[in-house]
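Starting off, we have a lone chain in the form predicted on its own, written out as structure tokens.
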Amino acid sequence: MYAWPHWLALVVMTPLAGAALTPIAALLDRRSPPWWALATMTFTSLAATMLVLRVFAEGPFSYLPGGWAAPYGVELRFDEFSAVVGVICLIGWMAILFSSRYTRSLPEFASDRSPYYYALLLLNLGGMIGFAVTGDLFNLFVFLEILSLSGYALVAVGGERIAEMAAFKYLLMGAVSSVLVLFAIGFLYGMTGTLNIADVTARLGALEGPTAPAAVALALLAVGFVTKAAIFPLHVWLPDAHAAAPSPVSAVLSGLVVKLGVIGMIRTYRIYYGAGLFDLTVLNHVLMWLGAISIVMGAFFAIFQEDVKLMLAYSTISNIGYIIMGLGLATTYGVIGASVHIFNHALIKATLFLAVGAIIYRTGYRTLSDLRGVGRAMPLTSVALSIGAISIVGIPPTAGFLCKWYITLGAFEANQPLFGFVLVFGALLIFVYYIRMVNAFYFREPIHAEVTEAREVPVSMLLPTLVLASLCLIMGVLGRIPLTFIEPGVVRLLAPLGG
């Protein structure tokens, strides 16, 4: 059943079609949007599961809608890196379930606006899935715009002025990033006459030597995608956007959307490693240093935050630094660790944002000083948050440990021990600011009645948080499974380097 050829088309089209039909479902029953969105993501998750099983059993495969072969037709391509769609579906499903109760308490989510919130969420998830599985550059850009535009709207949906300003800043940086990627695609098309990624790779490899347009395209793609990934110092849009958005949206943005910038970098490496046109040592060193600086600076800024959502947002910058540094190391261990951290960090950060969202939902407060003692009032939610915290630090046996361990091994494998020490130093800084959070929640006396009298959130909000927290532990214990799964894709990616 998993080999049915149309699963790959359905995994892309289902959330997009579901988004378009959400307002219509709301006309039939105004209470239906969350359940319609859940049903849509349930079917999408089934398709994603079938695809992951197939790539595990058979390796990468393609789907040609309409049967038109490249370069005239569109190609959908599923490989080990595309398996991120499984995590997209899981976190998307959990965010929608969490939202079904969360949005009822917010005045800005009146019944007439609710359908558009769920339509935007499905559109964002569909854009991410399409970006992860497309095999041609044009649709890469199209899906990039779908997930970007819906992301801007989801940040602004909070309704407050700070949310609107955060969305505007996000839009400005996102527009610059998109223009850079579009120009790069134009350069590549001008040189090769095709937009299919495999064809572009082959035709670049057939060139007699490095050319200026190919170098410019590489630079534009790299800058565009690391901006989407919010690497320091191109991170300025992220803290406000993730902190101002509704908590389920923050979980999707921080857990998933920024990772698409990393997936874009992996696709860029696939083209340029495969073509063998350039020695990418300089780019790799730039990424290593940007990653190292992001690790330290993201953690440094997080230490001084009182707002827990801002703290989590800066933590994202730090952890994206680990992933970018691992890619820049260009060793098997480093890239395996970075690739698995895309998956695991998504689980961890979704856990943290949903847990914090539940606490804010019950208490109305979001600073450490106001939330003192909340761990005693909301023990299950706080335990989930604590599991996410120790996971993101990288304490064994949690999901964050093996990824960072592999990236550290990759640093020594590349004869770059300095970056291994930076990784450990960054983990210590992360430990400092999460200790501040745990200390406030468990060992400080509450100062607000709302905190003292708080109780656990409804099951529809608590269940997603606990499930994701459990996965943070399970993926640590079973960490060899994703590492083994991603290794063939990494070996193919690095093969032209002799990696």
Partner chain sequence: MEVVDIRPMLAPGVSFACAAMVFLFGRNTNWRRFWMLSAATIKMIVVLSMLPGSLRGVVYTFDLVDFTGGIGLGFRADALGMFFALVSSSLWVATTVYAIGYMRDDEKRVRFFGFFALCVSTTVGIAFAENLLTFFLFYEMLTICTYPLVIHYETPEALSAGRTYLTYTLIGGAFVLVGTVMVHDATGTLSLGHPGILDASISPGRLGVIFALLIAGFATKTALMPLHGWLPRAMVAPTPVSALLHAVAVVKAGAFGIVRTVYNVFGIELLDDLGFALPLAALAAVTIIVASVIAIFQEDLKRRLAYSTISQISYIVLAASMLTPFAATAAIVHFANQALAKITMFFVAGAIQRTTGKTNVHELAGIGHQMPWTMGAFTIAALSFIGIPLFAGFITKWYISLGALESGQWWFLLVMITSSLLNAAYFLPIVHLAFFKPARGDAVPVKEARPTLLIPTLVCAAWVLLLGTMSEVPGMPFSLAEAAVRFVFRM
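Small disclaimer: the values here were computed from a predicted structure and weren't measured. Positions refer to the first chain, counted from 1.
Same protein, other form: the form predicted together with its partner chain, not shown, and the subject of what follows.
Interface residue among Ala212, Ala206, Val282, Leu428, judged by heavy atoms within 4.5 Å of its partner chain in the predicted bound form: Leu428. Note on the partner interface in the predicted bound form: the residue among Ile303, Ala202, Ile293, Leu409 having a heavy atom within 4.5 angstroms of its partner chain is Leu409.
Contact annotation: Ile435 falls within 4.5 Å of its partner chain in the predicted bound form, judged by heavy atom distances. Using a 4.5 Å cutoff between non-hydrogen atoms, Ile24 does not count as a contact of its partner chain in the predicted bound form. Of the heavy atoms in Pro396, some are within 4.5 Å of its partner chain in the predicted bound form.
Although the partner is absent here, Leu402 sits close enough that one of its heavy atoms falls within 4.5 Å of its partner chain in the predicted bound form.
Here the marked residues Phe443, Val477 and Leu483 all reach its partner chain in the predicted bound form, each with a heavy atom within 4.5 angstroms.
The stretch in contact with its partner chain in the predicted bound form, judged by heavy atoms within 4.5 Å, is 413 to 421, chosen from 251 to 259, 295 to 303, 413 to 421, 342 to 350.
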